[in-house]
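The chain that follows stands alone, in the form predicted alone, written as structure tokens.
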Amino acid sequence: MTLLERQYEQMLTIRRFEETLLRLFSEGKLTGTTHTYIGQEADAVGVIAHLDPERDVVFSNHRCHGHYIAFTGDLFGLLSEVMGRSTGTCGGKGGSQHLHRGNFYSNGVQGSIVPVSTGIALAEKEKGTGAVTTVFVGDGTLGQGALYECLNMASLWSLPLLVVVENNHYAQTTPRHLAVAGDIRARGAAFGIETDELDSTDVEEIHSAAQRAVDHVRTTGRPFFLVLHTYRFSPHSKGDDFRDPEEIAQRRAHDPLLVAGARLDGDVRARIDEAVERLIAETVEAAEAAPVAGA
């Protein structure tokens, strides 16, 4: 399987998983809420491809499923978790936003994840593991003072921290222009941190930009601030969407699956589509048959 084929397969798996969650939620089969990653799949796949799950650390946020799947490949554990099953990643107790498996962590409080990630990066540096700690934040996190305290410390202490800002242009339902002043990339540069910025849904372009970012952190031991402009097609959570439908339709013309899929041979793409649909169906069946947590 070529790199592009693997990237398409991963993105499609994330997409179908998230769409399945929305269906299961409507059927009353999930515990708690869920925030899907539909439309942003190229970010997770492009960045995490350069990380080593046995050594590197990923800290995600409330919109964490795409990052989790790209880093662990654990569909069954994740689905079991959000369905409240004992076979879940956290025994069915953490739910959609609070996950931990190996070197993957997530928390639903945006401002809190950067200080924790900075602390992890410091610990990895002190231990001399050579690990890269990556934290994914959204444009809504840019209003949190803790982020800037951490950028200051990461730069002063030369910490191996990769901050990935996924700017999907909305903090819940608040558009970026009402909440974020100035230049996003300049926020990292202000602390003497190497930065890069990409406005693309092309997984191959994101893959290349992420490679430069990860290589920088790994070789220099210093932080990197990577801004990825993206867009989510789904509501913030399940149905609270006040955006202009025409805006969403225009963005869908640049769907990362369409961009990558157009480069694949039709038969190859069909085989991948079929395999992913089968995997999702089998995962749902297994999770539904699993014992309820605490039962």
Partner chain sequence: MSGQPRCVQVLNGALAEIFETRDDVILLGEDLLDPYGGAFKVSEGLSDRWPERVLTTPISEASLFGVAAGMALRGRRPILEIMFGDFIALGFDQIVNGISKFREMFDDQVAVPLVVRTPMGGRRGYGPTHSQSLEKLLMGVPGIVVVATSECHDLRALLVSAVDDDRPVFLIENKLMYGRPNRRPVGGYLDELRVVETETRYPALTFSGSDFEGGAATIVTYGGMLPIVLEAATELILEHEVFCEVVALSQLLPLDLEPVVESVARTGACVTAEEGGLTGGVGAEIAARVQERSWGDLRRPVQRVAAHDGVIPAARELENQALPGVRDVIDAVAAVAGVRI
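Positions refer to the first chain, counted from 1. Please read all numbers here as calculations on a predicted model, not as lab measurements.
The next section is about a form of this same protein that is not shown, the form predicted in complex with its partner chain.
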property	result
Listed range touching its partner chain, judged in the model of the complex by heavy atoms within 4.5 Å, from 105 to 113, 217 to 225, 161 to 169, 202 to 210	105 to 113
Contact flag, residue 124 vs its partner chain in the model of the complex, heavy atom cut 4.5 Å	yes
Its partner chain contact in the model of the complex: residue 120, any heavy atom under 4.5 Å	yes
Contact flag, residue 173 vs its partner chain in the model of the complex, heavy atom cut 4.5 Å	no
Residue contact check: residue 47 to its partner chain in the model of the complex, 4.5 Å heavy atom	no
Among the candidates 70, 64, 57, 260, the residue which, in the model of the complex, approaches its partner chain to within 4.5 Å (heavy atoms)	57
In the model of the complex, the residue from 135, 75, 83, 99 that sits within 4.5 Å of its partner chain by heavy atoms	99
In the model of the complex, residues of 145 to 159 near its partner chain [heavy atom within 4.5 Å]	146, 149, 150, 152, 153, 156, 157
